[in-house]
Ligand code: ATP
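Heads up, the chain below is alone and in the form predicted alone; it's given as structure tokens.
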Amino acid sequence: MPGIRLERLEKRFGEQTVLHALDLVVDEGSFTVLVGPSGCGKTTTLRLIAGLETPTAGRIHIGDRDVTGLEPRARNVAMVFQNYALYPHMTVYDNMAFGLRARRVPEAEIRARIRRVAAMLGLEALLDRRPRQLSGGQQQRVAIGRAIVREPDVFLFDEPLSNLDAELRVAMRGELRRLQRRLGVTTLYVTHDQEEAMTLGDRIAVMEGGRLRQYGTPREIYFRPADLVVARFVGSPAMNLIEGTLGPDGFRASDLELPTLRGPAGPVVLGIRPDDIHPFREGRGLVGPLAARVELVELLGPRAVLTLRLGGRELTAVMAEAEVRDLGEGAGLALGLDPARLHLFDARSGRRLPDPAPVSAAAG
């Protein structure tokens, strides 16, 4: 299936620029996710590709075709919307057949396609029902089925799972991923949910303020965030960020010193994922010990989320329940940091700095 290439794509509404010179290549047959906060430009990007908006500047390519000036129907893309956009007066069958009939596909072929897709999505018993007779999950399947029967070059999904409850949303994520693998159709998926992005995408494009902040695999996005915007947005609980200075004497903050974490002198931000904070043990290669106090323990089954006080600052840590079983509020805890998982960012630009070397440290 053809891929997608966006070249310096820009969109303005009046004086407001909502998309700034976006360059993006979506590999053919891949599942790529656009993720970011509301208003970051991800849905606008999807609508530009679909032809529902006209770009202010830039080009859109699907495969070898420049589709920038083509009408939506000439682009051979199928879009699934957040609200499903089903016709309430039509049956499931007629909803799925509508686009094909508009393209004058023979009725025999329409029946064959719908039967095949209905079997794939478990809709065979629902073809005579109307949308009001369906659950949210069933309506979502119909919307996806309507896209599949068109046999498009590209699938575009605009937050299609956001109206479902949490349990069904998780189940549908798995179904959607398996379906895309089976069909092999190039897919661009928009969501504001970072967990959804991490579990679905082959690659993830993190957007903010109409700009692309980072484009990479889920592992790259999580373990090597390109800047502070990505570091703050990706990860739950969020990354701990500590402002300080770096120099020949190490990293220094108001209440924390890491003497052997050295680098070019200047203001920096040290990033520590909650999962990379551990109870300090000798021989585990951890940075520490750092003296902290437990303020809150939230048990989540086999894991516990801890709110800790380190000097004058608050840190969040995620640890195995067995490691903190006997800890109560106010208890002291010696912390160790995983030196291979520390992140440094330039305080002025927010850009990632070279990875720090393994260190030992002491609390200030």
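These numbers come from a predicted model, not from an experiment. Start at 1 and count along the sequence shown; that's the residue number.
Form predicted in complex with this ligand: not shown, discussed below.
- Shown alone, this chain has one stretch from 66-74, 300-308, 324-332, 33-41 that lies within 4.5 Å of this ligand in the model of the complex by heavy atoms: 33-41.
- Interface residue remark: Val18 is counted as part of the site for this ligand in the model of the complex, having a heavy atom within 4.5 Å.
- Of the heavy atoms in Glu159, some are within 4.5 Å of this ligand in the model of the complex.
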